[in-house]
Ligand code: GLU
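The chain that follows stands alone, in the form predicted alone, written as structure tokens.
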């Protein structure tokens, strides 16, 4: 069997990170088995679907490094890949079910439906038990009403039977009779409902495995009934754990950024975002956290999915970004910094040698590359700290000696920047010749040179600070 998986977004907004996680699992699973990854655009929502969101989605996946084997932008043998371009197929198959006695035109008006629903609620019965009015209408009479222009929908004639399937994540799932009624498959405007076109597309596109959110679990009942009616084999389903915020409610905008585009704009590393998303509902066989998701294509273990809700934690994502930042090669790290930092950034004004040294010193201190400007502000600030710790360090009896010595060395130094080696020589002199050691030496020297009492490696930070800025602190 050739494995074929699909990611099927609705282009009604920017790509949600939950959908990106689904697409990632699709890709890794397909590639681990030598399969095909299909993009299908579910754009039957006429009011909300926009081509600009489809384009945005493709841009976001390109940024993430997720590529599709087939789709609207890369046609294959199973197109069209937009549902709006498959409407005639849906109509044809809906009427095929009618002809086979598995569906029927229903002529209930909106007013009639509202009354039936109200009657059902009054009698404490499921509303769908009242919607079978036209179920057994003579086909000839039904056709006459359709030909006469009466408004109708097509409803599936539910056989009311127990349905079960084995889910890759949740194991055995069972649905009992009478959980749904005769549900609509084709609306009055000729557009199919989600469950109908989803079945038709997965069937006709020969999809073998369908990864999707836990929210779609209840859709499986209607879909499996339709697969049976079409005498088609359903895909193997994998209903992924729900993403929740700290309040344990479904992840939404109130929890912070939820679209891939927002994280791209905030200059997260795509590798870090994918790494974190991959572990929200799945665990690495080697119980490791930091890894390249695309290396999983060699041996993805689909038995390691977890059905429990996955907590989406922005702080943990930042930790992942921090780890991936540290692992970047020097040239890639510099490229990332130059892409992210604004034109007026003082970092950008320096030469590449200075920039690489700066990144070497500060990459251990930042979680996002955009923090670099604030973190490096100490390199260009003429002011000093007003903290009690700073005042205490400047008041130690050895600090004036340190200050006088370092000021003299700086004034006699010829150049814009001192070297780390030169700073090391100064510290050695203070220790051996002036007999200053320990905290008074290191904190005192830091206070004099940087105007602070805490920070990154002293030699590195002093070597990055212009001489004129260092002197301004004395």
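Everything numeric in this text was worked out from a predicted model, so none of it was measured. Residue numbers count along the first chain shown, from 1.
Form predicted together with the ligand: not shown, discussed below.
When you look in the model of the complex, the only residue of 69, 42, 409, 420 with a non-hydrogen atom within 4.5 Å of the ligand is 42. Scanning 307, 133, 216, 86 against the ligand in the model of the complex with a 4.5 Å heavy atom cut-off leaves one residue, 216.
Remark: residue 222 does not count among the residues lining the ligand in the model of the complex, judged by a heavy atom distance of 4.5 Å or less.
Of the heavy atoms in residue 209, none are within 4.5 Å of the ligand in the model of the complex. Interface membership of residue 369, defined by any non-hydrogen atom within 4.5 Å of the ligand in the model of the complex, is ruled out. Taking non-hydrogen atoms only, residue 452 never approaches the ligand to within 4.5 angstroms in the model of the complex. The stretch from 163-171, 244-252, 193-201, 390-398 that comes within 4.5 Å of the ligand in the model of the complex, counting heavy atoms only, is 193-201. Contacts of stretch 3-27 with the ligand in the model of the complex, defined by any heavy atom lying within 4.5 Å, are made by 6, 8, 9, 10, listed in sequence order.
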